[in-house]
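Two versions of one and the same chain are coming, encoded as structure tokens; call them structure 1 and structure 2.
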Structure 1
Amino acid sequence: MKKSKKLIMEIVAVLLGIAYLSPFYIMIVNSFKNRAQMYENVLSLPSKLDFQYYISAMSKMNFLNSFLNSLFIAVVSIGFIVVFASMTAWMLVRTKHVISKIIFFTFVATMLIPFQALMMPLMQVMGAISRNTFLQMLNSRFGLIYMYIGFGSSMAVFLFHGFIKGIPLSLEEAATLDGCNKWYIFWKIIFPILKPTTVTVIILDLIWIWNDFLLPSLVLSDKALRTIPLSTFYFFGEFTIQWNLAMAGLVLTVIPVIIFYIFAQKYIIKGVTAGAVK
């Protein structure tokens, strides 16, 4: 009975895995086909591995420029999120005051607010800032980075907060007795211990920022500032869709994230569990 139940579960798991991976299979095999082959059979393997569509896709979407834009925005945004969120979470954990709890639960509550409910007021506020100050918040990489920092800090504070609660206070007390100030204690003692959660935050935010289309589409209008998802979008025209080029562009989009994920995946479960349970 147990063996048959286990076999059924394994079959279900395999079927779910196939269903999950099927969009990736369709995307990859059709990136090597011309239009006629795609319309003939979407699921069939390509007759030959022709990389001309990848070359055409890279040229049309200005891949190098889009890649550098996405990389710059993601790296700078994640860097600020990690630094600010870890320092904030540390102070909230170590400050035993009701205001600290209120601030923490405010961060958690903001995670429940959907972006779609905020996007129009957000654009109006950022437009007003751009018109009335010297800060260029719209059609600007730094304006987009500023917004990513705001939207990404809540989850990061939540994860760091849970992990820091499990760090013994005695470590910091011993360092204080040795004459260390708070700056030294955080960067030399606390922050290195946060490595699993830090990598988890980096991975989750990288996947989110790298693949995000909605916020960049609202903020960036200049062609030279387009991120990879924005560049890929323009394969889908008003009257025609270049499916093979779009598939090749999508493959190029996901490859960097997959490579990064493969090298850092061991930290995800550990970091998320620590942040949610401790």
Structure 2
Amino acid sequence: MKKSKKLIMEIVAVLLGIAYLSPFYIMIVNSFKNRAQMYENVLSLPSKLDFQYYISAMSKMNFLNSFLNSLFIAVVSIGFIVVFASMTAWMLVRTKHVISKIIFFTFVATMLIPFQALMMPLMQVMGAISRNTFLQMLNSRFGLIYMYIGFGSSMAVFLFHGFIKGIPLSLEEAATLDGCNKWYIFWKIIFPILKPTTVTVIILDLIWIWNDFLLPSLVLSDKALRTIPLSTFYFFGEFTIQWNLAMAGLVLTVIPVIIFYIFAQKYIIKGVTAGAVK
């Protein structure tokens, strides 16, 4: 009795999981069907694996180019966020001064600000910087990366700060007595210890930057600079009626995320847990 009850529960649980992911099934099967097949039965399996919609979605979305843009922007932004924020957090923890407290408090307080509250003035500031210096902030990858560093710094500093507080000072004191400078101490002794938090920051920022739509839509206007969410958005604007083509495009955008999830699942769940509970 007990055993069969458990088996039933296992089966029900799996069915629930499958039902939960059914929108993905619908997306995939319809990316292979022609119009007639789709309107005949939207839930059935395709009669054959016809990749024509993938080929045309790929070229219409300029998929490879958007993928590389997304990858480049995410990797470079996250690299800078990790390096800058960990350095800053360490200094703020180790410098017992009222200035450190004020700076840290400002970082934490700004985590409350939703993007929509400052998107317009942000564009004004970036426009002003572009007009008055040689830096091009708008419609450039550099500008977008710069803004990601600014937006990402609060949470990263906060997470690193929390971790560094728990590192005993004695580790650094010995090195200081040996005459090592702060740069050396940070990179050789402290930064390697920060690894768990570094992974958390990388995961959380990757999910955020990879999926972000609104900021790049305001910053990038050149077609060649589009990231994946941007090219998906414009692609849909043009081809809403052709659903099979649209579904093929969506499958293409989902695939990289799923592959990443399969390989980095352990870190993702850990990172998300650490980020959420704090």
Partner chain sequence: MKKKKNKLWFAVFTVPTLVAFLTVVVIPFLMGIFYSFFKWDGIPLHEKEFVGLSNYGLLLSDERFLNAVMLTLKYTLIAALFINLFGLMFALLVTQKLRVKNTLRTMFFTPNLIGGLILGFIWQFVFKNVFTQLGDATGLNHFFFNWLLDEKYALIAIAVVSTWQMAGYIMIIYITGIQSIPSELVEAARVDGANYLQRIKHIIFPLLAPAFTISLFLSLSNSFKIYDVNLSLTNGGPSKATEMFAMNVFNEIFGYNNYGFGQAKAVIFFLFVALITLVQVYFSKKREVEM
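Computed from a predicted model, the values in this text were never measured in an experiment. Whichever C-alpha set is largest while still superposing within 1.5 Å between the two forms counts as the rigid core. One-based numbering along structure 1's sequence throughout.
Looking at both structures, it is structure 1 that matches the form predicted on its own. Relative to the superposed core, L68 undergoes a Cα shift smaller than 2 Å between structure 1 and structure 2. Core-based superposition between structure 1 and structure 2 puts the Cα shift at S22 at 5.3 Å.
Superposed on the core, the two forms differ at I8, whose C-alpha moves 14.4 Å between structure 1 and structure 2. Relative to the superposed rigid core, I258 shifts its CA by 3.9 Å between structure 1 and structure 2.
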